[in-house]
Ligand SMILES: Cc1cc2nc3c(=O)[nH]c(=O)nc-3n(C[C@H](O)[C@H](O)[C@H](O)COP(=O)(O)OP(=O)(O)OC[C@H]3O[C@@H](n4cnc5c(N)ncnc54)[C@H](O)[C@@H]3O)c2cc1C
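Next up: just one chain, as structure tokens, the form predicted alone.
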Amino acid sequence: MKVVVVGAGVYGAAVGAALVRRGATVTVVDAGAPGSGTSGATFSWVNSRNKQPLVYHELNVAGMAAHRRLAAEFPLGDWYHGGGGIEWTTDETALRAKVDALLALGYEAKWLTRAETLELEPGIDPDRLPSGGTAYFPGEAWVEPRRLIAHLLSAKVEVVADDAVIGLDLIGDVVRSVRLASGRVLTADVVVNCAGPQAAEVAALAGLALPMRNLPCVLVYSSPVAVPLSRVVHAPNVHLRPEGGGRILLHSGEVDQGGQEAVERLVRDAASLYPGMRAATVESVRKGQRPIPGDGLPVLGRVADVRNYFFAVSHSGVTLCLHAGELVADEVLGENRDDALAPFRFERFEESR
């Protein structure tokens, strides 16, 4: 079976690798380089802390487990970083309620005292910690997405980079070939849309109307600093995690919408939280788009009206990609995965019209 996967981000790489393991011949096509789109501009936090409804939470929990399995299978792989995540907010009551709700679902969560928080993150200014403590989620992690993509694509996956998909040739309800900007034409038994923010455009080439409401994502990378940050930290006004080479990755909801002033304010907030960052400068700012289907939930698996066309598109792509990639690969090769994918079918959008 010849499969063309559109998009060389985490989803495209995961679907491609899963299909190759099952014996398919796979070509992954991207308008840029692998990981240069959304996957290269993501906070890449592996979690299911705020995922509703329950079926979506459970899919993300399965995604977290898939990352742990892959990391255990390749212990020398350097893309997966455990250690959990810490959170506190200005509304302790609401946060405690969230912790209790997650515990009721079997999600790993606990409440830390200020002293226990500082044992995990000694670089935090103690005065910035709330007297009531913080929430800790031991099973969470963060991923270096480009390293993960490189690992997944090191399997027998052909990669066509810097060559956008501009057309699909259909005969009846079947895609027969994929046309690229270069003029190249790829014959295809199956096409999988993993195009992230461009998923609607790629769907339209097959006559499918996929509603998307993409949102901006702005990430700020610090200069190298001597700060003992070792996990994901969500504090009021600033989210942080380590980044390679001693850098710190910063994010906030405000910086997604703001300009240079928001970036400068984010760096100041980070430095007030971690005093070791006071000498940090902004090394780079990376902007991307979060691919979010119209109702916020993933679009995964087969399509009824185009028999050999499949989707793997969602927000939380880093968390979901390995597990969802396996499910989509199963369906590409003829297995019905309604048990896991029924709530995430493309057809729900057509039914709601």
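Quick note: we count residues from 1 along the sequence shown, nothing fancier. All of these numbers come straight from a predicted model, not from anything done at the bench.
Quick note: we don't show the form predicted together with this ligand, though the next part is all about it.
This ligand in the predicted complex comes within 4.5 Å of no heavy atom belonging to I124. At a distance threshold of 4.5 angstroms between non-hydrogen atoms, G317 is in contact with this ligand in the predicted complex. Using a 4.5 angstroms threshold between heavy atoms, G301 stays clear of this ligand in the predicted complex. The closest heavy atom approach of P291 to this ligand in the predicted complex falls within 4.5 Å. Highlighted residues G16, V55 and A340: none comes within 4.5 Å of this ligand in the predicted complex, counting any heavy atom. Comment: this ligand is not present in this chain, but in the predicted complex one of V61, L297, A31, L327 has a heavy atom within 4.5 Å of it, namely A31.
Partner contact region in the predicted complex: 212 to 220, out of 184 to 192, 212 to 220, 276 to 284, 103 to 111, criterion any non-hydrogen atom within 4.5 Å of this ligand. Taking this ligand as positioned in the predicted complex, the residues of 149 to 169 that bring a heavy atom within 4.5 Å of it are, in sequence order, D163, A164, V165.
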